[in-house]
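There is one chain below, alone, in structure tokens, taken in the form predicted on its own.
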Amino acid sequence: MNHWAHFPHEADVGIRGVGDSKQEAFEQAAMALTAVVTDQQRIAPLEEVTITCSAPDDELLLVDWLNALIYEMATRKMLFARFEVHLSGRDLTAKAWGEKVDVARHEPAVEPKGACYTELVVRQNPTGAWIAQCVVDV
């Protein structure tokens, strides 16, 4: 059931993570974010980075999580291929594994600027799957 997807949104890109749990939906949303930039199969999970954030609700926590990833990508000049998210109340602790950007091998398409509140949803659907989505400014 876990998967990610992109959805159309004018000049930006909608990302959606779907999972059996809220944590898995957040992980899949991160995979969708990476897929905006490059094919995850090209990224080697060589270096581990720990990310923490907190927010007053699930939707804002998703935006904070994705923006923290974008920050780590920009400042460390890295791309991430694997994610492990743990949620405790309104706190998120995650590990992301990736490597430094190699332009020739990764062929980055765009640089994400930030996760937005547009189309922002974190909810459980009627079948029990969790959905975590928003639009990312590219």
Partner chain sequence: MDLQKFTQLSETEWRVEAFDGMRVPGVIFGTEELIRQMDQKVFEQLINVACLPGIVKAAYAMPDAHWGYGFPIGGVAAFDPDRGGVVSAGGVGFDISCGVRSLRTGLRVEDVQSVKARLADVLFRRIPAGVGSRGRLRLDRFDVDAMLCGGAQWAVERGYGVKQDLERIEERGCMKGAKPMAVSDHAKNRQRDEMGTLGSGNHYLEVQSVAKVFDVEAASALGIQEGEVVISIHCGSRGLGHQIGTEFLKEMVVAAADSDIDLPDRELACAPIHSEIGERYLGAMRAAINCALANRQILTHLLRQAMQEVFPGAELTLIYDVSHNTCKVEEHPVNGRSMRLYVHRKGATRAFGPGHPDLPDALRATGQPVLIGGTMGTASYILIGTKESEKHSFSSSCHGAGRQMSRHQALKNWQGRQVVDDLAKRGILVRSPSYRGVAEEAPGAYKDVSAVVDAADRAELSRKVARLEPLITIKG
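Positions refer to the first chain, counted from 1. Just so you know, these numbers come straight off a predicted model, no measurement behind them.
The next section is about a form of this same protein that is not shown, the form predicted together with its partner chain.
Using a 4.5 angstroms threshold between heavy atoms, Ile70 counts as touching its partner chain in the model of the complex. Its partner chain in the model of the complex is approached by His6, whose closest heavy atom lies within 4.5 angstroms of it.
Contact check for Glu84: no non-hydrogen atom falls within 4.5 Å of its partner chain in the model of the complex.
Taking the partner from the other structure, its partner chain in the model of the complex has no heavy atom within 4.5 Å of any heavy atom of Leu46. Annotated contacts: Asp91, Asn125 and Ile131 are all free of its partner chain in the model of the complex [non-hydrogen atom within 4.5 angstroms]. Looking at 77 to 116, the residues that come within 4.5 Å of its partner chain in the model of the complex, counting any heavy atom, are Lys77, Val101, Val103, Glu107, Pro108, Ala109, Val110, Glu111, Pro112, Lys113, Gly114, Ala115, Cys116.
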